[in-house]
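One chain is shown next in structure tokens, namely the form predicted on its own.
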Amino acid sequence: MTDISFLTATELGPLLKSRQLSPIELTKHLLNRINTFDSMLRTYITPLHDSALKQAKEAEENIMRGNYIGPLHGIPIGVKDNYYTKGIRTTAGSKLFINFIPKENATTVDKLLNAGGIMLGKQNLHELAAGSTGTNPFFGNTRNPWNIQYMPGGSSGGGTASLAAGLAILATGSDTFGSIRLPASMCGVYGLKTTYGLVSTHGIFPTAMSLDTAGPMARSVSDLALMLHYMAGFDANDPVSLDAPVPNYMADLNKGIKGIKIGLPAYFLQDLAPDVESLFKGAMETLQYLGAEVVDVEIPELTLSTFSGYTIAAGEASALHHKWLQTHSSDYSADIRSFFLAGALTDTPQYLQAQQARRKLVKGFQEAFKHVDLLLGPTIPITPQIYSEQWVKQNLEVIRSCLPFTVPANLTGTPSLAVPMGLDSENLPVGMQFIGTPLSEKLLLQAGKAWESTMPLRFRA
């Protein structure tokens, strides 16, 4: 029998609805796995055993009475610990907020709970969602379940590792310069960086406010679509929230990609690790076999991404932390302190130059999308790395390697879907990303579902 830990929400929903599976049974099963494995993996900062079981009992009672409210009812979800949770410690992975207890939920948390989701716990992250390895000296380094010597990526590494290890069914993430897609790639799961403003960031610790997005992470594209259905939508409490219609993301998932034109920028083929390059070449051939047209496309403005992304992210983050950097500098971990202090050196002319470069990149994307439906590239150019004792240097090196691949979607506000490509020579996951125009999540999910049908990898118990 298939281990229920690795079933998707889309598979579990009908079992819960028909009462073949109890929300209490499912939740207890996952909590037992957390108790067994998480002292090693460190995917959670604050497991919520008592409240999760209370929510599961309420879900079961409602379902037994015939009050099933939808496909998230009774589904256990891990919540990244930079999402506010009312009455529950929310640390953002930082010593600065180790005892912070919000008085309200993040908008997205409310939406998922109101849909019947069960909050398993608050999940580990690279401190303040500002790093790329999964290192956290305060709450422990998250380990990659495929091989615990390796990093899971960051900053949403707790969520992606929990999915890969069967310690959550769904997970929430945030993405400022790759924090959903990078760990999704390293842990072999699916992650969606949404259109800027599509999912409310109200009640999520900001990192760099003009880049921050929130989105779903899961073991299947169908589950991403399901989560996005509940997460997306206008929020008057979020000043950058988009007041736009929310389509049915579950519809047309199985439509395939025949006739879809996918652009391949040469920029995304530079400096690839050999295993990434090999798997990506195979993926392009597979997409063509599925009926997509893969064509070369030039976006010269992509070369501006690293300067623009690093300057804006570091500058905005340091501005947000200006007060604490002055008064509590020693409470930051060494890698995040150096990143923020570097941002503090950003002057107004540099920041304006970075924003001008950003506008050029937006125009470059707009021009490219006149000729193609989607863009394609490796999610990141490297394979998962063994944790180094030189962890400060390692985080900066991973950021420098991966930022050119992930930050263009943040700078342009466009959505990007990270999907697994397969395993490298060390049997560790490698991923690629589809990038679309603003609000093209439905097409991205359709393409991702077609790719998923090729079964790029299977999860293991």
Partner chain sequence: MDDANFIRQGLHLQGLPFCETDIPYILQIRCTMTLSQNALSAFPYLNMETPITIVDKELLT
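Since the structure is predicted, the reported quantities are computational estimates derived from the model, not experimental observations. Positions refer to the first chain, counted from 1.
Keep in mind the form predicted together with its partner chain is missing from the figure; the text below concerns it.
Put simply, Val392 is close to its partner chain in the model of the complex: some heavy atom of it is within 4.5 Å. The closest heavy atom approach of Leu428 to its partner chain in the model of the complex falls outside 4.5 Å. In the model of the complex, its partner chain lies farther than 4.5 Å from every heavy atom of Leu53. Though the partner is left out of this view, Ala273 does not reach within 4.5 Å of its partner chain in the model of the complex, counting heavy atoms only.
The candidate spot formed by Ser210, Ala344 and Lys363 is fully in contact with its partner chain in the model of the complex: every one of the three has a heavy atom within 4.5 Å.
Among Ile88, Leu320, Ala357, Leu290, the residue placing a heavy atom within 4.5 Å of its partner chain in the model of the complex is Ala357. This chain lacks the partner; the member of Gln385, Asn141, Thr311, Ser278 within 4.5 angstroms of its partner chain in the model of the complex by a non-hydrogen atom is Thr311. Contact with its partner chain in the model of the complex, defined as any heavy atom within 4.5 Å, is confined among 155-163, 187-195, 105-113, 297-305 to 297-305. Contacts with its partner chain in the model of the complex, taken as any heavy atom within 4.5 Å, map within 312-348 to His322, Leu325, Gln326, Ser329, Ala334, Arg337, Ser338, Phe339, Leu341, Ala342, Ala344, Leu345, Thr346.
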